[in-house]
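The chain below stands alone and is given in structure tokens; this is the form predicted alone.
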Amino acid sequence: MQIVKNDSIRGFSMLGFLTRYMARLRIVVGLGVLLALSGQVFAHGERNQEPFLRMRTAHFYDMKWSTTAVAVNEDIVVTGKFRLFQDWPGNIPKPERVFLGNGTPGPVLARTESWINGVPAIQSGKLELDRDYEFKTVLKGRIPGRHHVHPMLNVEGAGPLLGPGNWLTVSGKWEDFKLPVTTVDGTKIDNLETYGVAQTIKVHAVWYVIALVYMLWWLRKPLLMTRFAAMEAGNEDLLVTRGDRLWGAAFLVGTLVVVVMWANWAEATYPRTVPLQGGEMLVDPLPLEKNPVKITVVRATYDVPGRSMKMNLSFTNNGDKPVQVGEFMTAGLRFVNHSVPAAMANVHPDFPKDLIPPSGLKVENNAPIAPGETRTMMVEATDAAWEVERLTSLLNDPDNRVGGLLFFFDSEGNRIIANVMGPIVPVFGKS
């Protein structure tokens, strides 16, 4: 009876476990279906980054994607500029070592070229704060699908910093992808993706066989409890026989012979090799542009229920031409002043519409700021994009600061870029 009772308990426990497991499985499958039905969820990984990373590190502007649809093996060219922000967060390392990459949902594209200010960016290098850089990446379609494509800076110690993303459709078949290259000695490789894979598989297979034979030699003997008993009885010398020692010596010699033979074969087959390069890229920033506008943040607030960022700013025009506030850009979002024609003309028609809030930028007393004039104005950026892009969590940061770029335009349509930064406080009503 006791046995039956225990078996019943075990059966009941197993049934409960299976019931809980199936319930959790249904939840996981349901979430998977929801994700599959919402393609938008698979993109916008930058929204998971903390706002201070997106608003106070790297600001990408003048972004252009050469196309939004390519076939497998066709190229898309991503160009633009970025400014490493002056108010760089103190809790992450400065850009002492930076690598230019691309942010995509996996290896859906192959990067064939990378440039920063005309210098090949195949290696990492040091970049300067409060300076601008121009970049270019050439990406080749690899895996069919609809993918979100970003420029990306990988900063040592800080991680990836993503720029604005655009949707790219890749058509064709993955099986048709090829990445041909020509080596320094003129050897033509049809597809770098599969080059040497067969030889690598053979080498690994040989080592797996050697390891398996060596392991089986020891597994043929009594294991665990028998060995433990021998150790407890003080008979550990009996566990390794003279034959075991000879077998181990033979494997040692054989392994060294195989390594030397393969090394000689590789040297003869590939006489010209280049080791992995450990140097750094040296690149100068773009020349400093004259910035006659001085900005001081008098007060900055974020209206939580109204989804509105308001900045009371003091402007001083030290130039010789009147200027107007045309755009505020932060974290890839572009709030454009619709009443400034030069600012509207600065928006490329193919720029992602979800990064240009339709409400635009509202500027109090929008008249041009005359040369030598100092004026305090309210600049307001109101849109649900603050919530959509998850930027409102900046209010939870221990260092509540806002950062971005203000674009001014003078009477001749020339653009001036200035940093805007300062503390920000949340409000729950009129500020």
Partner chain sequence: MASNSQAEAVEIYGVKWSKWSAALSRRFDIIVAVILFLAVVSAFHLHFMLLAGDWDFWVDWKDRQFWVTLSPIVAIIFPGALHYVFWDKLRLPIGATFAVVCLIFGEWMNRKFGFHDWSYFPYSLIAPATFIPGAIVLDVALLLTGSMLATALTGAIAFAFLFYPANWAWLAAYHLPVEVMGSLVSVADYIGYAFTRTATPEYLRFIERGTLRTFGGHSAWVASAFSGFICMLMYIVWWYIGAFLGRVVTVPNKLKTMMGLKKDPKPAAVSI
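Residue numbers count along the first chain shown, from 1. None of the values given here were measured: they were computed from a predicted structure. Whichever C-alpha set is largest while still superposing within 1.5 Å between the two forms counts as the rigid core.
The following text describes the form predicted in complex with the partner chain, which does not appear among the structures shown.
Candidate site formed by A345, F351 and A418: none of these residues places a non-hydrogen atom within 4.5 angstroms of the partner chain in the predicted complex. Stretch-level contact analysis of 357-365, 335-343, 239-247, 300-308 against the partner chain in the predicted complex, using heavy atoms and a 4.5 Å limit, identifies 239-247.
Within 4.5 Å of any heavy atom of the partner chain in the predicted complex lies no heavy atom of S171.
Taking the partner from the other structure, the partner chain in the predicted complex has a heavy atom within 4.5 Å of a heavy atom of I189. At the 4.5 Å threshold, heavy atoms of I122 reach the partner chain in the predicted complex.
Using a 4.5 angstroms limit between non-hydrogen atoms, P287 is distant from the partner chain in the predicted complex. Here is the short version: of V283, A230, L129, V293, the single residue with a heavy atom within 4.5 Å of the partner chain in the predicted complex is A230.
In sequence order, Y208, I210, A211, L212, Y214, M215, W218, L219, R220, K221, P222, L223, L224, M225, T226, R227, F228, A229, A230, M231, A233, N235, E236, L238, L239, V240, D244 are the residues of 208-244 having a heavy atom within 4.5 Å of the partner chain in the predicted complex; the partner itself is omitted from this view. Superposition of the core reveals a Cα shift of less than 2 Å for E193 between the shown form and the other one.
Shown in the overlay between the shown form and the other one, fitted on the rigid core, is a CA shift at L288 smaller than 2 Å.
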